[in-house]
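First, one chain by itself: the form predicted on its own, in structure tokens.
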Amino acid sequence: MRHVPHLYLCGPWESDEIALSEAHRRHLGRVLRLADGAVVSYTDGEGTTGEGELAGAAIRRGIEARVAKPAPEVAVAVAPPSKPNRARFLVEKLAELGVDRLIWLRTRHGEGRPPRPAKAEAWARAALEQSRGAWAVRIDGPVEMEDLPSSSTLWVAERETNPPPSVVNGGILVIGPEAGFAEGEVPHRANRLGLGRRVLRVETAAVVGAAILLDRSGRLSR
């Protein structure tokens, strides 16, 4: 069975054909060697998906459907890793998993800087295409710990702490910098989430913790 490419095509779509970017045209034509009429699936990253046909420098729209926004919401607030390639890994893997929101966190001991928004968005778009998702991750920040939404449950990742209950209602996973949080930096309302006994890198802890929260929130089975 031939692979059907999945494309992120920013909406709104106002005609029967959606123009392709140069990068998409090059990938479909030169890399995948697709000809006009080839079947392609696509999404606007806001819950609309469709299956259409390649038509020159555009996609001819076909049957489309709405995908409900996943619930409950799972977000990750993380101090940026110190190196750009590690930040890229973090963005890509969280987007592939289907995390709803990535928040860059400004901490007292943090030494890394968030990647440029345009670059992070490009990594997230590629991951959305790879995972054939319908909803794109939102990327915000940097923000201070106290600026995180008070309406969401905070889960702070720590070593050798009990894992979360078998069922949770989403929330925000908080990952500190390599040097750890400063004294008093973690809000009292935060819950602790154990990731085992090993010392994990920032990006590894973010991916592992996000997978746990998504699973305990019933998101991975849908």
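Note that the structure is a prediction, hence the values are computed from the model and not measured. In case it trips you up, residue 1 is the first one in the sequence shown, and so on.
FYI, the form predicted in complex with a further copy of the same chain isn't displayed, but the following is about it.
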query	finding
Residue among 187, 163, 180, 56 with a heavy atom within 4.5 Å of a further copy of the same chain in the model of the complex	163
Residue (of 145, 128, 103, 87) lying close to a further copy of the same chain in the model of the complex, criterion heavy atoms within 4.5 Å	128
Triplet 73, 139 and 153 all within 4.5 Å of a further copy of the same chain in the model of the complex via a heavy atom	no
Candidate stretches 155 to 163, 36 to 44, 23 to 31, 56 to 64 - the one whose heavy atoms come within 4.5 Å of a further copy of the same chain in the model of the complex	155 to 163
Any non-hydrogen atom of residue 121 within 4.5 angstroms of a further copy of the same chain in the model of the complex	no
Touches a further copy of the same chain in the model of the complex: residue 212 (any heavy atom, 4.5 Å)	yes
Residue 113, heavy atom within 4.5 angstroms of a further copy of the same chain in the model of the complex	no
Contact test in the model of the complex: residue 194 vs a further copy of the same chain, heavy atoms, 4.5 Å	yes
